[in-house]
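Take a look at the structure tokens below, where one protein chain is shown in two forms, each on its own, as structure 1 and structure 2.
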Structure 1
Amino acid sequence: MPRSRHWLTAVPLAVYGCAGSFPQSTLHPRSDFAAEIQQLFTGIFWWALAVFAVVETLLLVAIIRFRKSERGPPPKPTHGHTLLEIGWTLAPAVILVFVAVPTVRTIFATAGEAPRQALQVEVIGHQWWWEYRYPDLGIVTAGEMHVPVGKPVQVSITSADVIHSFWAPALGGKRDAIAGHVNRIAFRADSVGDYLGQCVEFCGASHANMRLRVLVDADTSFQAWVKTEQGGPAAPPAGSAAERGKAVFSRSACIGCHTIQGVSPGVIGPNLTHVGSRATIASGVFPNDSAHLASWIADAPSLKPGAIMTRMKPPLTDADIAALVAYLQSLK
């Protein structure tokens, strides 16, 4: 959007004292897609504010000026006025043209088609986490999506179960994730950063906990990330806690649901091949640290209502859990 109009977008927020930081705000666009929407919304906002001011003023003037006075003559029984009716039918219609034309222009400008060389990312919604696949790069990951700054990105969105909706406001509008359908959005991020988002279609018990992050990386760090992800999992050093953890993982129910390249083929839960390199677990709800990992493994549904990863039967020992944590953290 034109720089000169940046200040306009700040106005709605000024009420709230622009101070704080709002990582999931729709009013701080960081991509061409989000900026297009922001520009459109700003225009609509000013039209709405103008109409609001005029109509509410008329209403206020009417009720203040025509309060009943004891000695006043009885009001003139006017029944209507054709010209006025035509006028106030046409006025909103004309204003709506000024809203509709940029709307249709923006609809087509943001229809979700990226240039052919764009980075392809497939987003798959699950109850209650996000899976990301990069078909051209051979990468499968979860929770945190990485994209390079300044490059076009084509996101294809679908679902493995119920309807979800993928939304990272700083990078643009949401699209529903529907099994059997593919929705597409396209954007080019304009600044490096860690942008929050979350599922915005009610999808069951832990809808509130289906969060996500989009990490917009500088070109070199994106390449480095791709290189790591394309490699196999880190092999734990012999005799380490991580190695014991790998053994626990391999003999437990973990393998039925999770993939660790070369270790297990499960596809129900997130791919854990490089889980140690992620900042968060459980779909962006908790930091990826030892304490949270341990309690997550011990009893996921208590941290995330409805989570499909139930308590293990028989339960893992504390030592097993500690070893598993060490192993997962080693998977950089």
Structure 2
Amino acid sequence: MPRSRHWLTAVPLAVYGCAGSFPQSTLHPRSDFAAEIQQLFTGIFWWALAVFAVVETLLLVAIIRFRKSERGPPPKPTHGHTLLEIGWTLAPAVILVFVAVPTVRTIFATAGEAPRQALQVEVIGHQWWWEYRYPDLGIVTAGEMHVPVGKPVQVSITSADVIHSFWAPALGGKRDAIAGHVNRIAFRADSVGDYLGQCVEFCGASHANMRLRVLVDADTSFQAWVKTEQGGPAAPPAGSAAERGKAVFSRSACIGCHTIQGVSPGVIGPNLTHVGSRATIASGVFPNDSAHLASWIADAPSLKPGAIMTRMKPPLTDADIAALVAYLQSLK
């Protein structure tokens, strides 16, 4: 590829990377946790810039003042300079102190301990989706985590299989999800919004498709989500198509993998009790609409490499899939 084309490719990428609307940016914190990290980054950035300016200035001075000259005398070597040696030893030590003190303070400030009254959320990483449990509220869901604005949240993170890493940049730093071990994040979101995130530890074929969403709701909206959208068993089928879909679900392999409260106890795949209330499916990869849901049911691995939700045998008919879609979309 010609160099001109390299520049044509690089410039738009650089502009996009610096754009303020980038959906997964740490530069626009929306929680106390993220603000602590941003403050640390800003402080260290200015220290680094100051060091760079001093070093480059001295380098330019040395290049210009002591450049080789055919007319001038040969340079006189200097062997040992006590003050200079003390200076260049102490200066880095002082800079490291100014960097280390706020770094250690931020580490303790973001250690993951929340007040007792904090909302408890258990996050479990799977290949390749996120499960969310609210033990105090009796809620189990997947793909989308809801939290109230202005309230402390304690997130406890683990894994059901390999190592994953939970990261919603606008709300806080990443934490690894490790089987048999719990890592924690504590934060208080300051703005209502829909914040995107990603697994940031390579975990297999569909690592890039292991996305996440944290929806920060106003208090009334969060209470409505808890009581109306997630409270209680699954809604009864509405309409003949949904009723037929429930029958298809109950006689197929779906019942062995997915939980629908009051219908099936499967625990391998995401809990589907209120799947109709979610905006996305497949861990945030596709919108939760009829077309994508039907394609997902028919052949999930073709849409998400490595997905353990394989094609059913015998395959479902188009009519069965349409009925299942109607049933799942009624679960709100």
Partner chain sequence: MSHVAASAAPAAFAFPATPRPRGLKSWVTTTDHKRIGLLYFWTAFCFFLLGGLEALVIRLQLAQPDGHLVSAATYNQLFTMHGTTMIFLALMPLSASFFNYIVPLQIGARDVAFPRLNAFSYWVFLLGGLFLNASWLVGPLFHAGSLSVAPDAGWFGYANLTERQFSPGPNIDFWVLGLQILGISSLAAGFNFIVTILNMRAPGMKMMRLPTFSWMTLVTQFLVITAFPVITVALVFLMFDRFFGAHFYVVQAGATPILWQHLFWLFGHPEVYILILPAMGIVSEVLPTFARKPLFGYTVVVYSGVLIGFMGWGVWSHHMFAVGLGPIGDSVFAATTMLIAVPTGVKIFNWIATLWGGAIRGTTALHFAVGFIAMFIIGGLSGVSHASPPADLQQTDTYYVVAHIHYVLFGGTVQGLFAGIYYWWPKMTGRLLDERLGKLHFWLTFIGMNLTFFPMHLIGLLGMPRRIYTYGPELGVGALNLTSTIGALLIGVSVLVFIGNLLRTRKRGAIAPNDPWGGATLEWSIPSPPPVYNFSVIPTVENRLPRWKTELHEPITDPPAVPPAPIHVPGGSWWPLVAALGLPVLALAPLTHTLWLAFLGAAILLFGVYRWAFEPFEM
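The term rigid core refers to the maximal set of C-alpha atoms that superpose within 1.5 Å between the two forms. Quick note, the numbers are simply positions in structure 1, starting from 1. Computed from a predicted structure; not experimentally measured.
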Structure that is the form predicted in complex with its partner chain (1 or 2)
1
Core-superposed comparison between structure 1 and structure 2, Glu56 Cα displacement 2 Å or beyond
yes
For Gly80, decide whether the Cα shift between structure 1 and structure 2 is 2 Å or greater, given a superposition on the rigid core.
yes
C-alpha of Gly239 off by 2 Å or more between structure 1 and structure 2 on rigid core
yes
